[in-house]
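Take a look at the structure tokens below, where one protein chain is shown in two forms, each on its own, as structure 1 and structure 2.
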Structure 1
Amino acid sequence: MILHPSVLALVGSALLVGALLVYSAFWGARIVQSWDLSSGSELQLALERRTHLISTLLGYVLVFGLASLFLFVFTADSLAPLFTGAMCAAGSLHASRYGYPTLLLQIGGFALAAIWLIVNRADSLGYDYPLVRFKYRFLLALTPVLLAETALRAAYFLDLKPEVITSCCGSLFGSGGRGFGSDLAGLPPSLAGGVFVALLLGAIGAGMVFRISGRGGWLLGALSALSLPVGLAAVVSWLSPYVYELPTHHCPFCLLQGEYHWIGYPLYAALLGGSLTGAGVGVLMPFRSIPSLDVELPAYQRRLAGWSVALLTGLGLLVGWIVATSHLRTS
């Protein structure tokens, strides 16, 4: 393993997070099995105390997990000079067979953890813990994903060897190469960009309608959820060449470098944040009929929709600015 401060921090924190997740999942299973708010038993009182502790604990754990996605990519990018052939995080991740699976699993874990935090916040709005069983069943499904992510992350860093010769982003994300990155780069740019812009405008419009009328939550959730994978694909096939002003350069990782003003960080943060807050509105739609949430939950959903509209609008303005100021011109 490469003894880099960020690597040690990511591996050490992953082990700690994994242990806390196992502890939380154990009590989550007990809560799902034995929760009975009408009971005054000693077990029920213990579970009520535990749910406050676990919710607080998981809040910190999952927020750190969200931040670790960006730290992981930043670390992979900073390791690039150690590998022959690597120019950015694309080459560092390719230096081990665990690199890209770890990244994909982290993105999935990021999305699921964000939705859990949204559901957990909604549960705290009701006086009778109305979503307690749902959120702990969700936790039991989420825990294996996050533990697998932890294991893969450790395996990736342990597998790294500086003597490995890896590939540069030009070959990994070149339209003439082979692999998933090349397939994304080979998508028709006008089609990928058009679908992404249409989804973005649709999600913003649905969010504004929901903020005003409280209607269209399912549509907002669906459009927001779709905008995440479509947006990531559009960055590779359509948007990146405008940043680099080179039609053959499709790397999604060079956007995170100082040479390009670190524009990838606000770009990806707005895409992830806007998509997931909008998707959270849709996830919460089935619970609007619960009596203890009939007032607070719609107001919370409107706040989520507001965040989604603000972030996706910011994303749209940033994308528009990139395209408008680029010297690249397509036919």
Structure 2
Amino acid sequence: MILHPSVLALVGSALLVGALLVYSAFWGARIVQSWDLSSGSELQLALERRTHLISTLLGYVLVFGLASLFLFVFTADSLAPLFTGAMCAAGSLHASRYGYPTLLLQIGGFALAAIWLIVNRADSLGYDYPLVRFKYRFLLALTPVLLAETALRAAYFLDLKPEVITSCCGSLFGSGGRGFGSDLAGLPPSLAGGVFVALLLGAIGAGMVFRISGRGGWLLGALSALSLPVGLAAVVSWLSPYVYELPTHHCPFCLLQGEYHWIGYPLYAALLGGSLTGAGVGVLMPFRSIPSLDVELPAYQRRLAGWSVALLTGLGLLVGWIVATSHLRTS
């Protein structure tokens, strides 16, 4: 266990948020069980009131999740000097077997919470709570994921031992080594980059088509959902060497540092925002036939698609700019 202030912040806030989630899930289960809109009974009224609380709580879970995602990386970064061989977050995350699973679960949990909020918003557009059961079943599925993340996060910090010899990002995200990171880094950069750019263009195209004609929502959803993992992989294997101007440096974390103009923030923000809003369009597709949503839902999806197109275009421009201005020479 390392008694670092930000470790305390991360674990403490995770426990608080976890408590909120358990509370939400408890009421979510009751809603799934006893929801009856046609009844004006006091139980039903109480449940309807709870829905407000749960949406608010999930909103905060999302905001805090984002903050702690960044803080988690920062903390791992600042713990690096404690481990022989570690030079940035990449090494400290590697110092315990819980490190990378925690990070991946955190990203996954954030994505699911964002999708939940999109579904929640869609639900509020219909006058008869059209998605209420789906939404709270989803919440019940989401809660264990987020709780597992809390547990893993705590386990990671408890498991960290300063004596551990780990690796720096150079070897973890180097193409020579073994393991997940180097597998990513070992992807042929032109392939990873090519697939990513193709996906990005595809998603932007599908988004525009959807926005104009209201068709192709499934395609947009699938392409943008895919662009999140592919985008992260492409950052590691293809894009980051352009930023560092070193063909062998593949670290996804050093991008967040001032040395590289904090380029990672807009990059990851646009990637997360663009892909999740786009994925939201896809998730909502099955509900378009619900009578109470037939006008509002397509309009909402179009707005989502608009956001997705805007953010992904921003991402594309940023990526283009990075590649164009980099002094990295690829042979």
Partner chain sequence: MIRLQDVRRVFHQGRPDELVAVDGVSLHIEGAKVTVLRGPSGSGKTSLLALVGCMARPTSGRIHVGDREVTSLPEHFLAEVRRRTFGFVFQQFHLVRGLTALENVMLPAYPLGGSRKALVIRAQGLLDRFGVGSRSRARADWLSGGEAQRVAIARALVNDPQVIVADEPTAHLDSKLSAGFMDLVAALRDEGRTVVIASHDPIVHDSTVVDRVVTMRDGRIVGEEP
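Predicted, not measured: the structure shown is a model, and the values here were computed from it. What we label the rigid core is the largest C-alpha set whose atoms superpose within 1.5 Å from one form to the other. Structure 1 provides the reference sequence; residues are numbered from 1 along it.
- Between the two isolated copies of the chain, the first is the form predicted on its own.
- Here Asp77 counts as shifted, since its C-alpha moves by at least 2 Å between the two structures after the core is aligned.
- Once both forms are overlaid on the rigid core, the distance between the two CA positions of Ser96 between the two structures is 2 angstroms or more.
- Superposition on the rigid core between the two structures places the CA atom of Ala29 less than 2 Å from its counterpart.
- Summarising the core-aligned comparison between the two structures, the C-alpha atom of Ala67 is found to shift 3.2 Å.
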